[in-house]
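The chain that follows stands alone, in the form predicted on its own, written as structure tokens.
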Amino acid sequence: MITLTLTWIALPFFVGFISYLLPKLDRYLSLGVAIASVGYALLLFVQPPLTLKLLDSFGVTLLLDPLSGFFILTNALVTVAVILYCWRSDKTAFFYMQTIILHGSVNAAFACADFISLYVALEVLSIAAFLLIAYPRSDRSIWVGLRYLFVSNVAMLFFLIGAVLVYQASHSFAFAGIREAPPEALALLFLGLLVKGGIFVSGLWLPLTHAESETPVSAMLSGVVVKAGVLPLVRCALVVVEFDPIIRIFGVGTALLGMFYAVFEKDTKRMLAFHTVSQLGFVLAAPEVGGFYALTHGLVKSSLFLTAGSLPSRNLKELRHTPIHTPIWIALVIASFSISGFPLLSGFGAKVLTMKSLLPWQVIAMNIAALGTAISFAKFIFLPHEKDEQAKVKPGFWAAIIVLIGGLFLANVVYYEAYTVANIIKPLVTIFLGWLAYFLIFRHTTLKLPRLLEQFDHLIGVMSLMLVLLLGIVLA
């Protein structure tokens, strides 16, 4: 298992460079690597957890267990879907090389159980993501990519200083060393991860970046890349129980903040991006079961971004008067049902499991967030549709959607115990109330929320305020 693990981690980087040298094989090699990750992730659910110490004196450690298995499986399935989506497009070998390097760096981040190797993985991830965002080479894409890279690098600078302080205090970079670290180290580390993970106000860089990127890149960013900052927070909450309440507080705040923006948003891609922020809050609100929710969210959100890219407009007001092709509408509805918690899809089990794992003080706020989810996705569910023989989608669109939506049906088995009468009634009532609120209130609302805090000038200021807030929390 050790040899297999090391080979699996190194394979995407090796194949990435090989595929650039052999451009005729680029998509085949990339798809092969992603399928290999599917197999490895499934293996983690039947094997005992593997702890691999690479450098004993520095605490550099890899941890592969069922929790990381959920995240790795998400990364693998989303990457397979994105490669299939781009299969017959004009994407060059450079695009596939960066995609598979991004896949490998996200895998590495999911496997890390120490701060220094996590830092390296996140930095490689940032560069690969930047190159994919800027891939169209337009002025706009280059600006969005540089904005992402700048924010990401500032956050990682804070993270690196925090990691050094942890080592200074504990003589180890391992996550467990955080117990002995000074408060400022905790604040710096958490700030870096909150920004990378798009959590709470630190994640306000995310809507513009995800909305303005190309469709397959948006699917990768929203489906898996942000989770590279989320899993370490989940690990810290599980390793050091004193941090569990802090992570849960940020989970609740993030779920409500993202939901609040999403219900008023009229742009499809921006609404999905804000909803990514909200759903990451669900992952953090119940860290012990966050893996299953992360898998479900990754499949749903990638499916929705790929489908949104096939709609005739990004403007929801225009879409209300422009019937969309019925098969595309069905794909949109299935994914929307899943994220709303409708039975027969994995979103149902993930939401039930998360709600059952909440602490009493979280319940009301998270139910409000679930109601907001139903309101947000009613915008897609009640769009007009018609059978249009002239409608065209990308050649690989349906293959990608089958992988993602098929995953939503199959993942139901993870928590089949959820199917009791009481568990089924509650989400159905929530969805019904959400649809009612949508038709009575939000469908007619024209409120446009200010984007002041999303501006580049203010993102660093928000980071500084978050650092002060984190210091206050850890010192309390």
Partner chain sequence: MKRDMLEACVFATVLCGFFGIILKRNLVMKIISMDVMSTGVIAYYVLIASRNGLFTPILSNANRGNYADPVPQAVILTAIVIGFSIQALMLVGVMKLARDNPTLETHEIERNNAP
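Positions refer to the first chain, counted from 1. None of these values were measured; they are calculated from a predicted model.
Keep in mind that the form predicted together with its partner chain is not shown, yet the notes after this line are about it.
Practice task
Could you check which residue among Ile161, Ile364, Leu359, Ile330 gets a heavy atom within 4.5 Å of its partner chain in the predicted complex?
Solution key: The option sitting close enough to the partner is Ile161.
Problem - Contacting member of Val154, Leu311, Leu383, Ile334, with respect to its partner chain in the predicted complex [4.5 Å, heavy atom] - result: Result of the distance check: Val154.
Exercise for the section: Name the stretch: of 335-343, 257-265, 100-108, 137-145, exactly one has residues whose heavy atoms fall within 4.5 Å of its partner chain in the predicted complex. Expected result: One stretch meets the cut-off, namely 137-145.
Problem - Contact test in the predicted complex: Phe456 vs its partner chain, heavy atoms, 4.5 Å - result: Yes, Phe456 is a contact residue.
Problem - Heavy atom of Ile460 within 4.5 Å of its partner chain in the predicted complex - result: Heavy-atom contact with its partner chain at 4.5 Å: present for Ile460.
Handout entry: Arg451 within 4.5 Å of its partner chain in the predicted complex, heavy atoms
Key = Arg451: contacts its partner chain in the predicted complex.
Exercise for the section: Flag Glu123 as yes or no: does it have a non-hydrogen atom within 4.5 angstroms of any non-hydrogen atom of its partner chain in the predicted complex? Expected result: Heavy-atom contact with its partner chain at 4.5 Å: present for Glu123.
Practice task
Go through 185-207 residue by residue and record those having a heavy atom within 4.5 Å of its partner chain in the predicted complex; state none if no residue qualifies.
Solution key: Stretch hits: zero.
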